[in-house]
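Presented as structure tokens, the chain that follows is alone, the form predicted on its own.
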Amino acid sequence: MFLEFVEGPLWYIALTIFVVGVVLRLLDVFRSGVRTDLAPPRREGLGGALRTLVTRSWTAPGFTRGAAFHLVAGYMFHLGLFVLLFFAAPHVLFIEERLLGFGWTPVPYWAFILAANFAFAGLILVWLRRVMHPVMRRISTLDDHLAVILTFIAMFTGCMALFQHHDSLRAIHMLTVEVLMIYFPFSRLMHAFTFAISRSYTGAAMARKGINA
């Protein structure tokens, strides 16, 4: 009964909140508009937007080795999570049956394990730097820590749910994912959708002033 609830009504509730919440947040970003720049542009903004979008994908020269460590750990987590979300066999099947009506070839089991290890290690390393680095610790909020905790729990229960003959494990994983989906639009996890917008805007604004951001 519990499994039917989390895979049925609660799934659609969480999905609706996630989609509507993300769309409303994005609309709010675009509706806020930008101030009119009265100064004549020194360079085209599009080039600056694209350049900043690319260059901000790695650590800028002059940053400390700690920043490079954070970058590597971040890529470990994000790339590992990407593989888990879209190429793990159970997720591909779920996407085909419950979302899109079609699927694709999942990664083999060994690749799933490798991606899971990268994702877990990256998430833990990024969080450890957040709580141990004096500046990162000061600028971090409850939202940052809660996002890490919910993501870790969802990933952990997902690995446990690989034992698919245990319906209770599958139900717990679905529940943790749905809690994360409901929380997502109201948290800093929205950076998954807004990072490209913010980087592009910064790059375009700086380019118009003649600055390489």
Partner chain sequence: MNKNAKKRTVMRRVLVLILSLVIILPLIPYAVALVDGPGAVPNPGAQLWNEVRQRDGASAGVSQVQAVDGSVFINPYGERWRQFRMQQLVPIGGWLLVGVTAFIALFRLIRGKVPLEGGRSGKLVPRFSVNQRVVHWFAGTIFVIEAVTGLVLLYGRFVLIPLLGPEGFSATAAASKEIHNLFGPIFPLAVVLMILLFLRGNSPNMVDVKWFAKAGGLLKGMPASSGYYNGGQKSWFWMVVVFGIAISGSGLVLNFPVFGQGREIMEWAHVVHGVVAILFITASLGHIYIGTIGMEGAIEAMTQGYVDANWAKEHHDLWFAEMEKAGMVGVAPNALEEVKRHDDIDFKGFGSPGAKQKEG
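All of these numbers come straight from a predicted model, not from anything done at the bench. Residue numbers count along the first chain shown, from 1.
Omitted from view is the form predicted in complex with the partner chain, to which the following refers.
Within 4.5 Å of the partner chain in the predicted bound form, a heavy atom is found for all three of Ile113, Asn117 and Ser168. Under a 4.5 angstroms non-hydrogen atom cutoff, the partner chain in the predicted bound form lacks Trp104 among its neighbouring residues. Looking at Ala121, you'd find a heavy atom of it within 4.5 angstroms of the partner chain in the predicted bound form. Although the partner is absent here, Phe94 is not a contact residue: none of its heavy atoms lies within 4.5 angstroms of the partner chain in the predicted bound form. A residue is said to contact a partner when one of its heavy atoms sits within 4.5 Å of a partner heavy atom; Arg137 meets this definition for the partner chain in the predicted bound form.
Residues Ile124, Leu125, Leu128, Arg129, Met132, His133, Pro134, Arg137, Phe152, Phe156 are the members of 122-157 with a non-hydrogen atom no more than 4.5 angstroms from the partner chain in the predicted bound form.
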